[in-house]
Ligand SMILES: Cc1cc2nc3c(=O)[nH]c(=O)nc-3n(C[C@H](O)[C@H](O)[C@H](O)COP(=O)(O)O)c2cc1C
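Taking the form predicted on its own, here's one chain by itself in structure tokens.
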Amino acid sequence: MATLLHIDSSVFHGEASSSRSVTAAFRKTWEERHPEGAVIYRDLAANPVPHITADAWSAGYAAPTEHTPEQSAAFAARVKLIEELEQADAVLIGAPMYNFSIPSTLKAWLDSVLLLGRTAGETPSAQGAPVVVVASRGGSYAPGTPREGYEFVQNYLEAVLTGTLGLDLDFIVPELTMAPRNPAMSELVPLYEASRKRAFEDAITKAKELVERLAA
């Protein structure tokens, strides 16, 4: 039985959120193909992870017997998140672009689960686990576009998820999501629609592939 860790971070819900819509399609396919599996779900917009504090940070580099009561409580919250990541056979993350970067709630989650000597370092504890990130954005930041240099979502997540946590990273990128809402982008609506269609197709395909991979 495989476990999927599903994380959403969009402040919008339902169809109003491109990232949530695509992660929902992925999860639906996952559950249909793997009904006996388990899903750990975290909605970081509805239930934000506390931002890292001095107690939560410093406790990670001190022996438990040396923890203050404040460090013990803060570190226990981090350990719960770390254990969810370690227990997952696959990870699904909705990461919309806000002001050229990821939501602060997702950054807070990453700050909590990244622990040198456990999830990070020479032998990361979740190393090799596949992670699919739905990186939606209102415009296009693809190579060759005017705003290529403002893309800090995929670059950052690749550095953290792959370079530090050792996960096997794959992206789904629904772009131009503001085109239907912004009159100045009206000519880009066909490109948005094609990108949206491709994102849903990728979500279904990648979910099927992951189920097959983990069952092998």
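Start at 1 with the first residue shown and count on from there. Since we're looking at a predicted model, the values are computed, not measured.
This next part talks about the form predicted in complex with the ligand, which is not shown.
For the options M178, I52, L169, V160, the residue carrying a heavy atom within 4.5 angstroms of the ligand in the model of the complex is M178. The ligand is not drawn, but in the model of the complex it has a heavy atom within 4.5 Å of M97.
In the model of the complex, the ligand sits beyond 4.5 Å of every heavy atom of K206.
Residue contact check for G139: one or more of its heavy atoms lie within 4.5 Å of the ligand in the model of the complex. Contact between A194 and the ligand in the model of the complex is not found at the 4.5 Å heavy atom cutoff. Looking at 67 to 75, 81 to 89, 98 to 106, 117 to 125, the stretch with residues near the ligand in the model of the complex, meaning non-hydrogen atoms within 4.5 angstroms, turns out to be 98 to 106. Of the residues in 17 to 31, those that come within 4.5 Å of the ligand in the model of the complex through at least one heavy atom are, in sequence order, S17, S18, S19, R20.
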